[in-house]
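As a starting point, one isolated chain is supplied in structure tokens, in the form predicted alone.
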Amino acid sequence: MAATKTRISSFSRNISAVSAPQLPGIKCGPNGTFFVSSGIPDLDKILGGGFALGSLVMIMEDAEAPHHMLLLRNFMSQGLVQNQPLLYASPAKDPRGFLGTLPCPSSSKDEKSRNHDTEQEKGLRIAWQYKKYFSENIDDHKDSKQEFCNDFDLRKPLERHFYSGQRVDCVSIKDSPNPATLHDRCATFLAQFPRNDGNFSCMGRIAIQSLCAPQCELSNMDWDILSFIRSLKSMLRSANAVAIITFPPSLLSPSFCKRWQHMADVLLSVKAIPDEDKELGKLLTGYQDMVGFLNVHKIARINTQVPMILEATTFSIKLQKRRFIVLECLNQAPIDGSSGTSYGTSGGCSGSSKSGALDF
């Protein structure tokens, strides 16, 4: 009797080809996707796990405030803390001096106080007989979280030994006559991290600040810059790396700005809050603690055609204790802002109002 041959469908996915990474800072996602942390825990949750490995992230800057630097600094610090090589390009004359402004990971004492404050804000109440189980889950979650993402204290600079080695490469694009030099540096950097069937020996990060800024000569080379972005995206697809590019959309023509946005796998934008906007303060709760808004325009879809539907696309940027970056959904303030009563505690049907009694 002939041996029966196992029937294998062409649509069956080879699970054995995708192995779990052993490097810190990388975690498995759905459909064979791997994620790296953005350096902001709330942003990782919003994006469904973080930045997909091999993706191009673009952040549209705001001309009123440099809030994009908050995202860029945490992204760079997260990679350096996890000993991941970094390529940083900037229109500044001395880009290495920017490394001294990167935030430092918070201590366990700071994280404990932050978690305690967060629980108090949410009004969490736990029965005494379940507290021991809850604390165990928190400790386990904290240990797994620190392997992937850290909380960074904006008041403390990153220790020098994290960026003083050979794993950080800085490039100044201020005097570059064309993007060819930056392209060659990116190609050389990404060649160190080839993607070989899910085998992770190392991964890298690329951070490009204010591409096409007016202080560099690349601001008048629209087609050359667009070609560079397209080439960088193709190189990232075959490398274990993630790249972030921030750019000022107000300095680009509308057509080229749309082309840039189309090239991004993840598209974010930041916007400053106008000073003393009383109308906005009446609409939103916690307005006095906000420093800006984060808009999520596009999320990477790698190895899938199913779109990810977010609960919200606009989030408030807050600095908890002026130290930690917190992203929250926007909440509408109560109708009666003076009394602070909610909809459920307002007057009943038979109650009187300023306009008079209600008739049925």
Partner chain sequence: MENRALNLLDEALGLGYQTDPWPLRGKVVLIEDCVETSGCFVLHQLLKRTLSSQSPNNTVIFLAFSHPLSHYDRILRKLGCNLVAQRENGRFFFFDMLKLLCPDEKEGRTGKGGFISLYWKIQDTICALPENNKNHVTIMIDDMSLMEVAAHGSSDHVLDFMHYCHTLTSELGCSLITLNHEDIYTSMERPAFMLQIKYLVDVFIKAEPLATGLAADVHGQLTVLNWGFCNVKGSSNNKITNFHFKVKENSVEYFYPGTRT
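Positions refer to the first chain, counted from 1. What you see is a predicted model; the values in this text were computed from it and never measured.
The protein also exists as the form predicted together with the partner chain; that form is not presented, and the subsequent description refers to it.
In the predicted complex, at least one heavy atom of residue 302 sits within 4.5 Å of the partner chain.
Interface membership of residue 261, defined by any non-hydrogen atom within 4.5 Å of the partner chain in the predicted complex, is confirmed. In the predicted complex, the partner chain sits within 4.5 Å of a heavy atom of residue 267.
Although the partner is absent here, residue 93 sits far enough away that none of its heavy atoms falls within 4.5 Å of the partner chain in the predicted complex.
The partner is absent here, but in the predicted complex a heavy atom of 32, alone among 32, 49, 66, 292, sits within 4.5 Å of the partner chain. A heavy atom within 4.5 Å of the partner chain in the predicted complex is found for one listed residue only; from 201, 234, 188, 164, this is 234. The chain is drawn here without the partner chain; in the predicted complex, the stretch among 318 to 326, 38 to 46, 24 to 32, 66 to 74 whose residues come within 4.5 Å of it by any heavy atom is 24 to 32. Contact annotation for 237 to 257: residues with any non-hydrogen atom within 4.5 angstroms of the partner chain in the predicted complex are 237, 238, 254, 255, listed in sequence order.
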